[in-house]
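Shown here is one chain on its own, the form predicted on its own, set out as structure tokens.
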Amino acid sequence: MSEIASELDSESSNERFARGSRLVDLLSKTGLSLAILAVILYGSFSSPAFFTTGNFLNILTSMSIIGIVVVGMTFVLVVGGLADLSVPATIACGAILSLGLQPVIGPVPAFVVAVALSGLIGSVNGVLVGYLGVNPIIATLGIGTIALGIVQAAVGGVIVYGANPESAEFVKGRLFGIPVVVLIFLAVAVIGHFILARSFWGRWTLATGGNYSAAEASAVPVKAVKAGAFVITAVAAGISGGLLGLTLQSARPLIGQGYEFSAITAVVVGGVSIMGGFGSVPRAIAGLIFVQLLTNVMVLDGVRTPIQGFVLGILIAGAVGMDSALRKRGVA
């Protein structure tokens, strides 16, 4: 009788565990969509300004600038690179060079050079992290500090202004009624999604982040893949910085401050694993939409900035906790 009771208890425990796993799996797939819907419903009732065309265009524009960085940061987290803290300096590099070089070589070449030099910052990060094994946080923080110092020295710490109004009008303009910045973000997101989900490089990225040793044993060029993630992020940050500079028609060395935190928050809240091996660009963008909508609602409701930071911090902690729970249950 005791053996039968023990077997029944074991089956009951297994059933409870299975139900718990299914519940966690369901929450991981639908929880963010429900949260976005809840924020939209709350915002529409709490503020008459929320559900207006002007407000949504403002959300889309600001979301697009950050969203380009989010696409790049997704690669860093998926490959197991923790985070890229050189993003603020890279954005500053893209913004300042895209404006400062306009009188010399023209707006389009200036933008291209700015993005290319931003990618150089990512290349240095990639070599340090991917090939030399330096801790990503230390490497990117150090390189970001050096790059920001070089940028500040180049412009003397002052504000750089644009010299080509036509380029600003183009970036601020609309195509088919959609802001150009939004269209550029969508193009970057589609390309990023294709690379991560549909290409061999994306499969290598997921494999390297999931199990570095196993991927290396399977002839995956893990060092190059890990380094490449930081190059992708730097290029994305350079594009974002260039667009930000052209939109504002001014840039200063600290123009990118805080963008790394916003990008990391969106990616982690979107369910991309901070430990690597799991995630996608659509998930990260869903996290970005939720964070941007929530921030907008808090601004419209008059919530103070420190409280906003506290709320976003809780979101990160909750997302990391969910990631840990999913990994323990084998759902992710």
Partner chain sequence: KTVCYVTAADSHAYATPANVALQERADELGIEILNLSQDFDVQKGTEQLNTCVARGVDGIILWPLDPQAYIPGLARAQQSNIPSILINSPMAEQANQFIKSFTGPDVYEEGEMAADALSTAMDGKGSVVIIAGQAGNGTTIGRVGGFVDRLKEVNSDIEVLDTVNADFDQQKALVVSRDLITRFGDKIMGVYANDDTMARGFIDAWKEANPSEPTPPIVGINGQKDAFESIRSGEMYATIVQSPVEDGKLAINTMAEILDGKEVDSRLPIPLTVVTMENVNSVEPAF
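The term rigid core refers to the maximal set of C-alpha atoms that superpose within 1.5 Å between the two forms. Numbering follows the first chain given and starts at 1. Predicted model only: the values in this text are computed from it and were never measured.
Keep in mind the form predicted in complex with the partner chain is missing from the figure; the text below concerns it.
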I need to confirm a contact call. Of A163, V108, A224, I159, which residue comes within 4.5 Å of the partner chain in the model of the complex, counting heavy atoms only?
I159
Please pick, from S167, Q152, S123, Q102, the one residue with any non-hydrogen atom lying within 4.5 angstroms of the partner chain in the model of the complex.
Q152
Check for me whether the partner chain, as it appears in the model of the complex, comes within 4.5 angstroms of all of S33, S46 and G270 - heavy atoms only.
no
With the partner chain left out here, work out from 67-75, 109-117, 228-236, 169-177 which stretch has heavy atoms within 4.5 Å of it in the model of the complex.
169-177
Report whether the minimum heavy atom distance between L248 and the partner chain in the model of the complex is within 4.5 Å.
yes
So, P253 and the partner chain: in the model of the complex, are they within 4.5 Å at any heavy atom pair?
yes
Contact of L97 with the partner chain in the model of the complex (heavy atom, 4.5 Å)
no
Given that the partner is absent here, does V299 sit within 4.5 Å of the partner chain in the model of the complex, heavy atoms only?
yes
Does any residue in 55-78 get within 4.5 Å of the partner chain in the model of the complex, counting heavy atoms only, and if so which ones?
N55, N58, T61, S62
If we fit on the core, is the Cα of S280 displaced 2 Å or more between the shown form and the other one?
no
Cα of S47 displaced 2 Å or more between the shown form and the other one, core superposed?
yes
